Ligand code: GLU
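Below you'll find only one chain, the form predicted on its own, shown as C-alpha cells.
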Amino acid sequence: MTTKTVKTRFAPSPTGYLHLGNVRTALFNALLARRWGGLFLLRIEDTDRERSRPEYVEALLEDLRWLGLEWQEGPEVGGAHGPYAQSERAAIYADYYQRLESAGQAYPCFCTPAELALSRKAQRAASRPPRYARTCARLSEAQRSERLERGLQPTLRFRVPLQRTVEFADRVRGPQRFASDDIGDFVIRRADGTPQFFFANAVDDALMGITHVLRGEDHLANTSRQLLLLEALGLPAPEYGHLALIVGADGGPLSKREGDLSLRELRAAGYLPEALLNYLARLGHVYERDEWLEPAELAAGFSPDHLGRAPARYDEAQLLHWQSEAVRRMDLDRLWDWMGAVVHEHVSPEGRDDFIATVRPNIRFPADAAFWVERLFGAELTPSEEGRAVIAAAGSVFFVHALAAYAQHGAALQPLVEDLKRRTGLKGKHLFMPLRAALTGETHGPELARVIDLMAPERVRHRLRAAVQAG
C-alpha cells in the first residue's frame, strides 16, 4: 500500500440506527485509511425507498462524529465524486445500464415472482441448484416490445458469462474462487427503476475511487457478481476483505440481551466513545499491545493481516474493562459533565474534585456516580442486604466504640482505626467492613479514608448512631 492510493469507505443503509456490527465495519475502514494516510469516505445507500428515513441519516452522521470517525469525503463534507446519497445518483446508474444493454450484457426480465418461484421449485425437484433459467434472455425484440406495450414493468438482469472462474485475493480470507455457472443471471435494476445493491455499490466504489473495502462476510458471495459487473463496464475493482461476523457467547446471532444494541442506546447508557473504539478495534482484530490505545495508536497498529477468520464473540466483560479504562483517563471537566444532573444537584462545584477523586475508581457509568451520591449524601441510608447483615453481625457495641473513636479523631482514618482496634480487639475486614457498611450501606466501595473525609461530621455521627440501633 502507498499513502497516495488508499481510500476506504463506509456505505450504510439508513434503515435503522447503527449497531455494533456496522460500527465496527466503519471503524476498520477508517483505521485502514488513517494507517496509510489515505481517505475515508462516507456514502449513504438509501435506495430502499420504504425503509430509508432521513432521521436515520441524521442519526448515523451524529453517531459517527460522536465516535470520532470523521470522514474526509461525503455528506456535509463534499468532494469530487458526489452526490453521496444513492437516491440522488439515478442518472449515473441509468448511463451504465444503457452501456450494458447496448453491449448485450444486460436484458429486461418480465418474469413474475410467482413464475420465478415455480422455476426454482422445479429445479430443486430435479436436484439442480436454483438459478435463473434465462427465460427472458431468449426473447426477441418484438416479444419484449409487446410486453412493454402491455404495461409490464421489467427488471434488468446482468447476463453472467458462462464457464468462467472468478478469482480474487480476499484481504482477510485469502484466495477465493467462484464458478460463474453457479451464479446465474441476476437483477441489477428492480422493476420500480431502483438499483440493486450489487450494481449501485460496485459502480459507486469504482467511480468514487475506492481502493479497499472491508465488509462483513455475509457479502462474500456478492463479490463475484460485482467483479463481473465491473469487468463488463471496464471499471476498476477495489481490494476486498470480508470480516468475520460478531456472534453472541453461544456462537449464535447477537440478541439485545447479549449486546446487539444500537450506538444510541450504548451512548445513552453512558458508554464513552474511547471505550467503544478500544473494544471494537479488538473485536476480530489483534493488536501487539493489549493495552489502552489512543485513536492514532489504534490506526498505527491496524492491519488486515491481523484480522481473524473465526467469528468474533461479543464479550461484555471486555467492553466494561475498556469503559473503566476510559473513565479512569477522562479529564475532570468532561467527567463532571458526563456524570449528569443528579450528581450536580448534590455536589457543589467546590466539592467536585474531591467527590470525583473519591468515586472515580468505583464507577463505570453516570448511574454509578448517582448511586454513590445517594450513598454518601442521602439524608437517610438504606443498607444493602449484605450491608445489613454485616452491621448486625458487628453488633451495637462495635458502633458505640466507633462513635467514641470518631468523636476523638474525626475524619483522620488511621488514628480512628487504631483507636477502634484497641477498643474492640478487631482488625482487617472485621473492622473495616462494618464501618464501611454503617457509613455507605455497602461492604465494598470507594476508599474509606476519602469517604469519611467527604461526608459531613453530622452525617457520619447520624449513620453510626443508626448502626447502633440496627446492631
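Numbering starts at 1 and follows the sequence shown. From a predicted model like this one, the values you see are computed outputs, not experimental measurements.
Keep in mind that the form predicted together with the named molecule is missing from the display, and what follows is about it.
When the named molecule is considered in the predicted complex, only one residue from Phe197, Phe377, Trp338, Phe371 comes within 4.5 Å through any heavy atom, namely Phe197. Checking Asp419, Glu45, Asp63, Glu442 for any heavy atom within 4.5 Å of the named molecule in the predicted complex turns up a single hit: Glu45. Only one listed stretch (197 to 205, 379 to 387, 181 to 189, 136 to 144) carries heavy atoms within 4.5 Å of the named molecule in the predicted complex, and that stretch is 197 to 205. Using a 4.5 angstroms threshold between heavy atoms, His212 stays clear of the named molecule in the predicted complex.
In the predicted complex, the named molecule stays beyond 4.5 Å of every heavy atom belonging to Gly21. Residue contact with the named molecule in the predicted complex: Val451 places no heavy atom within 4.5 Å of it. Taking the partner from elsewhere, Arg352 is found to have every heavy atom lying beyond 4.5 Å of the named molecule in the predicted complex. Scanning 7 to 22 for heavy atoms within 4.5 Å of the named molecule in the predicted complex gives Arg9, Ala11, Pro12, Ser13 in sequence order.
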